[in-house]
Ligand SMILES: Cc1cc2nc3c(=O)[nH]c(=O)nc-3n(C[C@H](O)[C@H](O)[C@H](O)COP(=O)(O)OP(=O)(O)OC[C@H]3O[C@@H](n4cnc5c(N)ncnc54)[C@H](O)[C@@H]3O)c2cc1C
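The chain below stands alone and is given as structure tokens, in the form predicted alone.
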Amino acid sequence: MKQRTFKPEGAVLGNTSKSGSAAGSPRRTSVSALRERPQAQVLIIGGGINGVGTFRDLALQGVDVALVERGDYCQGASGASSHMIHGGIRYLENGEFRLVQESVVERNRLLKIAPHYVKPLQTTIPIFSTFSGILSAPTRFLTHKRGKPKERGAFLIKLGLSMYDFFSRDGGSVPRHQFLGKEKALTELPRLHPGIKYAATYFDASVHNPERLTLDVLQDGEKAGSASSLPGGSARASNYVAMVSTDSPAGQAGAVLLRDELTGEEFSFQADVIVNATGAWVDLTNEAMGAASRFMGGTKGSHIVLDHPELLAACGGREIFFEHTDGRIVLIYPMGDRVLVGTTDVEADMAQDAVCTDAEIDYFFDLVGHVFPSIKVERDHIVYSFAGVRPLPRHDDTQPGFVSRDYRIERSGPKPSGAAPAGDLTAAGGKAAVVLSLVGGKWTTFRALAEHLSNDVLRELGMDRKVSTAELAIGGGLDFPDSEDGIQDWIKKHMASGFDADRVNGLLTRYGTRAEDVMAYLAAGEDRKLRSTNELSVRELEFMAANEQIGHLVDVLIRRTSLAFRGLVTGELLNEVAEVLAMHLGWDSAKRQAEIQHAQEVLRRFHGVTVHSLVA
């Protein structure tokens, strides 16, 4: 029986059928690679950072692996993060010492293997009391139940940061924490609330473009599988392909049914091991595969992005990380010339869109006033908002902030005797498929999680690990300059190719050292910058269309660039980008106009941005 599926924000446009294509949508090579060889050792469902990280790891081990994502890569929770790569100092209060240790190790590691996107982040905690929270902390630590929040004072924060430094001692490249009294703290950050008693400063890291880092990881996996003699290579991935159900055509009983969300075409696909990495949707995905599970209990986190020079200056280039009066941990920090404010932690209704609400915006304004009382923030300062559902485990009456951020892997499949429980899938060889469901997971630990999950898959396949990813550079992080002077030298060197400094810097920021390949592509033909922005050119859009699986216009605005995040999308930009993409993606005029309308709807509905289109 076919199960229901759940639409992503990039829903199907135009008329579709099971066997036909939507008007103006040619068949994609990424989907063709799956259709023409509809089986693999492993099928990963879910193209967030954890699914993509596992795809890369398995491809490097020589596994025949396929990945499908019903929307765009990094579209769900992975793209709605706080843009932090951090050890999780607050997880110490949960007693999650293993997770904190793994997180700080992985934070330090990502600073080395992905330096093009992961950068050190100086973080300051304003503190308003000395001993507050000491009496309530043991109860909160032991029970994790709901109750009246107590502010954490300097004593508890000092203890936590000392433990944090201890976990960071091996392989660390960041300084230890510092404590300042009120006078020195206000000298460094004069716009902080004058009622503070102390300020504690430590270092974590940020990821300024998580969507492109996810794409880099994916392309590493595809490259690793490209040398295989198998048709299409041994590592194939496609976005906008949904797992529909276990219902499949006659003669292929038990295979999952996949659907191209851009054309409506459906086809069967078989694998020995299925990895369910769909985040907060894990239970729903298992249901669609005919197996019941009750693993998930995600919470919603929302953020706003502000164009507010006064607040940007007040942050002094640092993240301000603190506890609000209700006990929630929140943050304010610069992202380029914008300020990111977040995050909420509320129960998620999976039947509703994850969007930032008016109540959450009011909450953000209140927290900014709590830390910077002399700075006024209004709705006109918001250029973008976003929300996602964290893939947390079911947690009953545990406070959302205390729900474990660690991960686990749930296995279903053949029993040791070989008898398959009801609801199992049948793999290509006639035996029941193993399903590994990922519960939990966070950005910082994606590489270690992928290694763990891949080891479980390798064990199921009877294979050994060939390559460690612990020290393996990711994508454009390979040979990335290790200092600001090195970056400037890299820019000067590549200006010799005829690009000005701003253009080279923009490409290096977007692609890391892979910018060399992009610049070679741009130089190989006639090119011009777009009229609507200096940050993109006609041939760069052509490069994206040819190499980065663009499914919708909005993919370029939100996930291949940061134009939407920074509030730089205009009607002129929508029309111009759609016009260029149409030439390379086979969009006719009706499809092009539908894409413009779709982008407007996504930006309005999910990100609070209204863009009025020009006449196409």
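All of these numbers come straight from a predicted model, not from anything done at the bench. Sequential numbering from 1, following the sequence displayed.
FYI, the form predicted together with the named molecule isn't displayed, but the following is about it.
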Students should find that, of Ala235, Ala277, Leu218, Val341, the residue having a non-hydrogen atom no more than 4.5 angstroms from the named molecule in the predicted bound form is Ala277
Contact residue in the predicted bound form, chosen from Arg503, Arg390, His308, Arg212 - any heavy atom within 4.5 Å of the named molecule = Arg390
Non-hydrogen atom within 4.5 Å of the named molecule in the predicted bound form for each of Val68, Gly76 and Thr444 = yes
In the predicted bound form, does Tyr384 have a heavy atom within 4.5 Å of the named molecule?
-> no
Is Arg510 one of the residues lying within 4.5 Å of the named molecule in the predicted bound form, judged by heavy atom distances?
-> no
Give a yes/no on whether Trp281 approaches the named molecule to within 4.5 Å in the predicted bound form, heavy atoms considered.
-> yes
Is there a heavy atom of Arg107 lying 4.5 Å or less from a heavy atom of the named molecule in the predicted bound form?
-> no
Among 58-66, 587-595, 38-46, 551-559, mark the stretch whose residues have heavy atoms within 4.5 Å of the named molecule in the predicted bound form.
-> 38-46
